[in-house]
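Shown below, as structure tokens, is a lone chain in the form predicted alone; questions about how it binds or moves come after it.
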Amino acid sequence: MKFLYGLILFILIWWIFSIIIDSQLILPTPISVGRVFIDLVQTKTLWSSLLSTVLKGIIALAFTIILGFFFGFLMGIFDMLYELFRPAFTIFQSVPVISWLVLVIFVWGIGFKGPIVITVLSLLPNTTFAIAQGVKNTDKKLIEMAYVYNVPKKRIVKDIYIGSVIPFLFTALEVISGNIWKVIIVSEYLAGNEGIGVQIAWARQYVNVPKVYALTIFAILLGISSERLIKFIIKRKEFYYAS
């Protein structure tokens, strides 16, 4: 209920400011945006664009987790690799999205690949460092004990290392779920050929500000839904590992 009250308050403040500003080109009223929102829901273009954005997000998320787990695991086990790769990932972490956009446009041009590559490059460092930290936090005495009792290496990796990494992986997933759609949609806006970001770019081109706001609401709903879904999955997994 508190969330609902907060939402009503937000819409009320939005409505008041839209009346004060009195310009559809700056801040359209919630009613005008709501009408465009309802119209968009009934179009196939919106759903095909939404599907394209979601597909890019899923692919980018999969690559980010796979590559982050691979590099993070190696960096966590071998200190030499950690010191060797850490500067590169730190640089990647600091590069603005707009710089990746320029590079990707030069290499692949406008299309489907660009937003995926940009998203992976933007989110990979955080995931890699989270996994590496999880491996480094593994109980060393537990590993030594496993070696003393001749526990197979596969079981050490599976039951000790991966068990230690999972909480850090869950944390990385929560962070990624809050940022992935922002990066995807911005990338689509400048380097995509289909998706919500492209639809926002076309709406801006035609100075259709209510449509820009309506599409932004779809992007917000997509972000909130995916974040809630990932948190739900994480809670289920945490309960499974705890039991």
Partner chain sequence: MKKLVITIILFFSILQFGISLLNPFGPTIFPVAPILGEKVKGEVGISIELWKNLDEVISKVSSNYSKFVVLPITTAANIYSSGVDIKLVGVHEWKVFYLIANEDFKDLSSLKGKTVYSAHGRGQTVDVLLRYLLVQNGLKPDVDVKFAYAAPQEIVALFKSKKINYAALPEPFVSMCLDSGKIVLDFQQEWNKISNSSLGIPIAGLFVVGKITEFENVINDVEKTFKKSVDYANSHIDEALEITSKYLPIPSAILKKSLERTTFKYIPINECKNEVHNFLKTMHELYPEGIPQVPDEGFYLK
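Quick caveat: nothing in here was measured; it's all calculated off a predicted structure. Numbering follows the first chain given and starts at 1.
Omitted from view is the form predicted together with its partner chain, to which the following refers.
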Which of 77-85, 102-110, 168-176, 117-125 lines the interface with its partner chain in the model of the complex (heavy atom within 4.5 Å):
102-110
Report yes if any heavy atom of V207 sits within 4.5 Å of a heavy atom of its partner chain in the model of the complex; otherwise report no.
yes
Find out whether any non-hydrogen atom of W202 is located within 4.5 angstroms of its partner chain in the model of the complex, and reply yes or no.
yes
Since only the chain is shown here, I'm wondering whether S225 would be in contact with its partner chain in the model of the complex (any heavy atom pair within 4.5 Å).
no
Its partner chain contact at I31 in the model of the complex, heavy atom, 4.5 Å:
no
For the stretch 3-32, which residues lie within 4.5 Å of its partner chain in the model of the complex by non-hydrogen atom distance?
S23, Q24, L25, I26
